[in-house]
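Presented below, as structure tokens, is a lone chain in the form predicted alone.
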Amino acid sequence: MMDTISIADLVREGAILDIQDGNHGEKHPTAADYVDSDGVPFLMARDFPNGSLDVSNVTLLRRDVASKLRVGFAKPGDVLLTHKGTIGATGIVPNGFDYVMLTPQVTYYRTDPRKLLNVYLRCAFRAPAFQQQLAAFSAQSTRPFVSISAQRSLVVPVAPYSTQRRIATLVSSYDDLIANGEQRIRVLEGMVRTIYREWFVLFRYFGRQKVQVVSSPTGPIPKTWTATTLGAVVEAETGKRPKGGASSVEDGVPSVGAENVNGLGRHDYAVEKYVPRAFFEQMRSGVVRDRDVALYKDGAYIGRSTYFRDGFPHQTFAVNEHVFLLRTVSRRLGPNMLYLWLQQPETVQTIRSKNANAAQPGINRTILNGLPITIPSEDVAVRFESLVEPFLAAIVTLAKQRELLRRARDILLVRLFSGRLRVGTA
């Protein structure tokens, strides 16, 4: 049996010790305060893909800047809830950090573990009844927003302590499996990127010793390789969506936008949009084929890429006008190699340096076709595709398993908090 208690009452009872977001006012950090390493994680709503915290690509804030902020210091174990823009995503600050900084989009909840388990509270935040309260409050603002004071009025189901432990253990087993899959994906990604650099940046591929190195427009390359431009070896096209977007067409065909161009095996289904099926069936370009590579062509994160293959993230879908679909037309450049080339920091930097429009960052088709690229001899290209294929296929398999686990966990949460599934109190 669960009691329904407001967050304000949980604070009064001492079960919740502190609630705070990262509203930094005029001191809010800017991009100039970000660093590539040795910084403090600066958590934003975008760090909660599919409704859960993922710190693998988190922005890092200079430590001296972070130390001068007044609020938003979340500690390991704190429960996180997004409340602005993206509403209702959750997480727990992982161990390994002294603290993390929050943006105004994220609130932390610090519990007394003797009265309220943090894992249980996160489960309660994910429950449909709580999410419905958040949706109702956020709909009252012009932009989705649930203030701290409004959050205090929300109610959560609170189970006896022994039941909290059972629910937390049960749901955590799914979360652990999901996290394990994420870790394996990251390891595989690191391995294929290393292989790519060994072969095509450092030229340390098998058989290299027998090939003479010559000069080229892109620098020294093996004599049997060719320095060319992307337009000579790739075809590109974009898609579109109906004017005004199509977020309300829930039974349409998925339309991937820039927000979901973020690496192989990464897809945030929670932010997905759709186009009507009749609209999709009339599209002449932008319909995704197996092994298409996608490039984010304009906006704040120009140069990001992903790779659609093996039915992930969907069997049938399209892209919008902010994404280039790239298809190789040369036997000397396979889709695996094209994707890994786009993932190289040097390639991303080159694309960003070609920005054609200062007001709205972006590259057009002419710039895309003119990007310099070095392609290997056909035998090297074929061997490379075969070598990395098992790694990339495994990443997609793990990504599919992760989505199945997420859906199973979410069904479990519904049953636990609706009373259809009881875990006992012994």
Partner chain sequence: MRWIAPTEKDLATETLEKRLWTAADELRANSGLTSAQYGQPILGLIFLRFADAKFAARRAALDKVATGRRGSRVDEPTAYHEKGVLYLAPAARFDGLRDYPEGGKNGKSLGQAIDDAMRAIEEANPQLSGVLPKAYSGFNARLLKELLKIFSTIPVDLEGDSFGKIYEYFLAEFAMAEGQGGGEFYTPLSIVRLLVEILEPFKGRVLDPACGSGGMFVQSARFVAEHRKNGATDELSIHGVEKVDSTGRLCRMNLAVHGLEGTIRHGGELNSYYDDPHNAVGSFDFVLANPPFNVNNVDKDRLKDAVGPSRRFPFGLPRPDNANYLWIQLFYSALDASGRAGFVMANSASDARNSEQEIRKQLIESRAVDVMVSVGSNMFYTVTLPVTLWFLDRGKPKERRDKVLFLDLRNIYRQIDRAHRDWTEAQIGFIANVVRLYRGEQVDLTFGGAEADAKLRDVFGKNPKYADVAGFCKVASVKEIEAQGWSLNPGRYVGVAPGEEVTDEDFKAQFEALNEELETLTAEARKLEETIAKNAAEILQP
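Numbering follows the first chain given and starts at 1. Predicted model only: the values in this text are computed from it and were never measured.
One more form of this protein, predicted together with the partner chain, exists but is not displayed; see below.
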With the partner chain left out here, work out from 166 to 174, 293 to 301, 274 to 282, 132 to 140 which stretch has heavy atoms within 4.5 Å of it in the predicted complex. 166 to 174
If the cut-off is 4.5 angstroms on heavy atoms, which of these, Pro128, Gly311, Gly96, Pro345, is the one near the partner chain in the predicted complex? Gly96
If you check Arg184, Lys240, Lys115, Arg327 against the partner chain in the predicted complex, which one has a heavy atom within 4.5 Å? Arg184
So in the predicted complex, are Tyr34, Met44 and Gln105 all sitting within 4.5 Å of the partner chain, heavy atoms only? no
Would Thr194 count as touching the partner chain in the predicted complex under a 4.5 Å heavy atom rule? yes
Give a yes or no for Leu188: in the predicted complex, does one of its heavy atoms lie within 4.5 Å of a heavy atom belonging to the partner chain? yes
Taking the partner chain as it sits in the predicted complex, is Glu321 in contact with it (heavy atom to heavy atom, 4.5 Å or less)? no
I'd like to check something about Ser377: if you look in the predicted complex, is any of its heavy atoms closer than or equal to 4.5 Å to a heavy atom of the partner chain? no
Within 391 to 410, the residues that have a heavy atom no more than 4.5 Å from the partner chain in the predicted complex: Phe391, Gln401, Leu405
